[in-house]
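Single chain ahead, by itself, as structure tokens, in the form predicted on its own.
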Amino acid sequence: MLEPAYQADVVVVGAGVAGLSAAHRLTSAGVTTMVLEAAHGVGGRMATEKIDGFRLDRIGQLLSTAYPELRLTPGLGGLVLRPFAPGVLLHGDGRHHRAGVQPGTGGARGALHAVRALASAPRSPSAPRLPRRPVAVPGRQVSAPRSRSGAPLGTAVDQARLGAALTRLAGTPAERLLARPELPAGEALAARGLPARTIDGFLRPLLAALLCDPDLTTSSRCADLALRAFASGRLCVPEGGAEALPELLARTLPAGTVHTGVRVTSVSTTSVTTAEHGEIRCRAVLVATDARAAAELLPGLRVPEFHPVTVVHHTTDEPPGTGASLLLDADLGGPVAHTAVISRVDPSRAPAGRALVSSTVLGRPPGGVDTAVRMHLARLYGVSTARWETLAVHHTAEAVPAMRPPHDLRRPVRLIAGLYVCGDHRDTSTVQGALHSGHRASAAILADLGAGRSLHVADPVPTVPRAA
């Protein structure tokens, strides 16, 4: 008679990275937690398709080694991150130029050697021959012949100013960035005192890739945080595909915590109702789904606009000679926002003897997207793509929540006592934002329930036959 009338302390609805990271913090504090996921696998949009030995990300957002939550989230100690080559590789005026190389990642001499090697690689037949370009290294100036056009980073003085700006940004506390006046990112760039050529040739394509926002309508505060992470870390991807991160979180939770194939139809402060198992009672509910699904369970919750993303995966047995670089188009001459021979970054993503080239198109994809992407990739890499095999074209209409100003980077996670919400739509629309949102939600739940005391031993999910 004294048994509590609930089956778990907290029910988390959704097994994306936000919900799973919250579940880790809750279980670590002795709070019995049940994670319910409607799909038959964890991860949500961080999904990886497996085809003939290839691992193909559906969205493939770029991560940074500077993301604090990758280090702070329990359960991610075993995550292996595969970094891209330092900085990024820009394609401008028919040539490759390396930019954004940070101190301690090979130095000016190594970066200059890399650029010289790339400069001798085959160029697009239609591309004019230009002199070698200098390299942007924060805090340092590298002497190299300048082209008359100054493409794509401007003169050596311009590059030194860019390097100094990135160095300052890397050392600026996040709180100071969040206190800056807020504008759309594209408008804010023009007020930073950098030459238009540097902004258009480097910062715009870089931010578009980091934010999945080709028009740079994102809040300048979010853009500053993204540039700060770029300036203080290395761009990277999880080894084995994007799904490796949520799968690691799920695997390191206590056995029986995560239940897939369970669709939640309604929530309250003391229970959730599922299509398969009826009512499950609890002391608190955390809705950790995507924004649209959260609004269906929590009427009145705002649904943001979204940035669509299309990822096109090709394979070839003759990979282009760009190494493990992230390649951006400084000329914006086609649909591809960024591309990489991703198997050079993470060899586990392709079988031996094959290369995997993954390319991202932002916004609404053009008609005949694969043909348009192939033509653009031929110019970017300077090789024929006619014999490349298309493995998959993944289009996600609601891939990344938009963060247009005014954007609250810390939207409330506690709706009322007993009912909470988290996800990248409550923070920043990055993996870092999703993890941090889960961190904030779990802290609010622990404060309300009373952290540090064991509350209940979770009952198993009822084995009621699935409804027809």
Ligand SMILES: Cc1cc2nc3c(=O)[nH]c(=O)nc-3n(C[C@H](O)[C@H](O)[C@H](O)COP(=O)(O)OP(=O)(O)OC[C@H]3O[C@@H](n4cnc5c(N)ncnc54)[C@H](O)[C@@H]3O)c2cc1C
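Worth saying up front: this structure is predicted, and the values here are computed from it rather than measured. In this text, residue numbers run from 1 along the sequence as written.
What comes next is about the form predicted together with the ligand, which does not appear here.
*Asks:* Sort through I342, V309, V285, L380 and report the residue having a heavy atom within 4.5 Å of the ligand in the model of the complex.
*Replies:* After the contact test, the surviving option is V309.
*Asks:* Of R58, R440, R411, R414, which residue is found within 4.5 angstroms of the ligand in the model of the complex when only non-hydrogen atoms are counted?
*Replies:* Contact check passes for R58.
*Asks:* Any chance all of V17, Y67 and G423 sit within 4.5 Å of the ligand in the model of the complex, going by non-hydrogen atoms?
*Replies:* So, yes: the whole triplet contacts the ligand.
*Asks:* Okay, which stretch from 290-298, 154-162, 76-84, 172-180 lines the ligand in the model of the complex, with non-hydrogen atoms inside 4.5 Å?
*Replies:* Heavy atoms within 4.5 Å of the ligand in the model of the complex occur in 290-298.
*Asks:* Using the partner position in the model of the complex, report whether T48 sits within 4.5 Å of the ligand, counting heavy atoms only.
*Replies:* Looking in the model of the complex, residue contacts with the ligand do not include T48, since no heavy atom lies within 4.5 Å.
*Asks:* Is there a heavy atom of A29 no more than 4.5 Å from a heavy atom of the ligand in the model of the complex?
*Replies:* Although the ligand is absent here, A29 would stay clear of it in the model of the complex, with no heavy atoms inside 4.5 Å.
*Asks:* Does V13 make contact with the ligand in the model of the complex, using a 4.5 Å heavy atom cut-off?
*Replies:* Yes, V13 sits close enough to the ligand in the model of the complex that at least one of its heavy atoms falls within 4.5 Å.
*Asks:* If we define contact as a non-hydrogen atom of the residue within 4.5 angstroms of the partner, is M403 a contact of the ligand in the model of the complex?
*Replies:* M403 lies outside the contact set for the ligand.
*Asks:* Who in 393-410 is close to the ligand in the model of the complex, meaning a heavy atom within 4.5 Å?
*Replies:* Residues within 4.5 Å: T396, A399, V400.
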